[in-house]
Ligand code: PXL
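Listed next as structure tokens is one chain, alone, in the form predicted on its own.
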Amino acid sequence: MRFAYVIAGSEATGGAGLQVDLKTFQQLGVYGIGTITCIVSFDPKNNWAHRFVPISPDVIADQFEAANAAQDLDTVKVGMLGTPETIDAVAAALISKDWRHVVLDPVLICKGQEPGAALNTDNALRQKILPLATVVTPNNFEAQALSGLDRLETVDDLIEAGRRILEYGPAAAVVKGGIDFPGPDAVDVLVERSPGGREPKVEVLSVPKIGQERVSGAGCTFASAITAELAKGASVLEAVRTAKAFVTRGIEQRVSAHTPFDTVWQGA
């Protein structure tokens, strides 16, 4: 039995967050265990805006202790954290033991927070969690924020963003062009640190875009699929390739709802 662990927020509709992570783990054949950092409930009476409730750092620490006492966990995905206090608690937990892989889905802006609080959260994530990551999976917006680039419009831009993100300390970055990337293709670039200070290795993954609308849960599914494959012993490149194909199928067979957006179907 292989185990995968996730530290992330709960999203009540089941289309993102820890619910998606556990579904992805199950579908890819690993036993999923999760720690909840916050609760996000969309508000259907207010244009589906986010309602955000953080979990107490003490409760996060308790969950971490129980999960890691129950199983020998060595591969973890980190998703939405939401506040500097949560980030402190998660960073302390992560550095308390050795990990084979840490996959970070860097949810920089927590919708529903005031701009100042969001900035504090972003800075804490960069300083305390990002350096611990094996793989970080920023979307187009997050990659711009982390790299300092104004726009990501070419493959070379995605590669340069990945190179800059590696300077924070992770071993690899998957920069996702997503729906905002110009052209007909959904392009992701894996930039992976090479031994001995050599030039990073680069792999471009591209498939035709499926429509022009955002699909909820794609980023969560992608990062958790990478986590599941790493837990099974895949290389980073193998894990990213599998995750790309997994998400593509999930978007092709996406689930409609009464929400303004569709969601990825992990069972596709």
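Start at 1 and count along the sequence shown; that's the residue number. No experiment lies behind these values; they were computed from the predicted model shown.
Quick note: we don't show the form predicted in complex with the ligand, though the next part is all about it.
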query: Option touching the ligand, based on a heavy atom within 4.5 Å in the predicted bound form, out of V189, V107, A172, V90; finding: V107
query: Option touching the ligand, based on a heavy atom within 4.5 Å in the predicted bound form, out of L205, I55, L28, V40; finding: V40
query: Non-hydrogen atom contact R214 with the ligand in the predicted bound form at 4.5 angstroms; finding: no
query: 4.5 angstroms heavy atom contact with the ligand in the predicted bound form for I226; finding: no
query: 4.5 Å heavy atom contact, A161 and the ligand in the predicted bound form; finding: no
query: Distance check, A16 to the ligand in the predicted bound form, heavy atom within 4.5 Å; finding: yes
query: Heavy atom contacts to the ligand in the predicted bound form at 4.5 Å, residues of 3-33 in sequence order; finding: G9, S10, E11, A16, G17
